[in-house]
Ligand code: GRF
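The chain below stands alone and is given as C-alpha cells, in the form predicted alone.
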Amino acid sequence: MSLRVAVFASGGGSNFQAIAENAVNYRVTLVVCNRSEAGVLGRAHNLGVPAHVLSPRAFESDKLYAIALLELLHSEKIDLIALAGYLCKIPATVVEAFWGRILNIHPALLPRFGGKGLYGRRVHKAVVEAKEAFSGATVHFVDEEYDTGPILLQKKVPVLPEDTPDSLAERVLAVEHQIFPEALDLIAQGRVQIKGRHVIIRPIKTHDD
C-alpha cells in the first residue's frame, strides 16, 4: 500500500508537481498552503489533489494553528509531509507528532547557507556573492530549528562565473525536482533509518538476501 503524502507549499508549486507526477511508492493526497493566491493551488486542482488553505494568521494562537493542522493531517490519514517552499515554520507539536516523517527541500548544500531568513532567491544571492564553486539542493528531515535536521539527500550544482541568483536558481530547481521525489520514494520503500544526526539508506533487498 503506497504511503499518503501531504505537500506544504507557499508559492508556484513546481516541486509539488514534480513530487506528484514522479510518485512510485507513495501518493500525494493533500496540499496545504498558507496563501490563497499561491500558484500551487491551481496545480493541485489540475492534478485532482485536494488543497486546503491554512494560514497561521487566521488563528488566535500558534497552538490553535497547530491543532487545526494536526486535525487535518490525521483526518486525511497522512503518512509523510513534504515541505516544498513552505514559508511558515511548522509548529513544534506537529514536528513531534510526525517526527521522522517530515521532509524539507532547501536550495543549497546544508549546513551552508541555511537558517532563518535564508530561503528562495536570498539563498542563491548569498551563494553567488560568496563566490562558491558549488551550490545544490538538500532534502533533510525537519526538527524544531530551521534547516538543521538530519540530511537525507544532497546533489551539487556548479556555480558558473557568469551566474546570477536567477540563473543559479533555475538550475538548482531542476535538481530539486529530481531529488525530492527520490527521497520520498526511499522512505516509502522503508529504506531510510535515522540514527541521531545521521541518516542510513539501506540497499534494495534482493531475493538472495
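Remember, predicted model here, so these are calculated numbers, not experimental data. The first residue of the shown sequence is 1; numbering continues from there.
A second form of this protein, the form predicted in complex with the ligand, is not displayed here; the remarks below concern that form.
Report the residue, out of I105, L73, L109, I81, that has at least one non-hydrogen atom within 4.5 angstroms of the ligand in the predicted bound form.
Checking each option against the ligand in the predicted bound form, the one that comes within 4.5 Å is I105.
Identify whether the ligand in the predicted bound form is within 4.5 Å of every residue in the set G11, N15 and G85, based on non-hydrogen atoms.
Spot residues vs the ligand: full contact, yes.
Can you check 158 to 166, 45 to 53, 64 to 72, 173 to 181 and let me know which stretch has heavy atoms within 4.5 Å of the ligand in the predicted bound form?
Heavy atoms within 4.5 Å of the ligand in the predicted bound form occur in 173 to 181.
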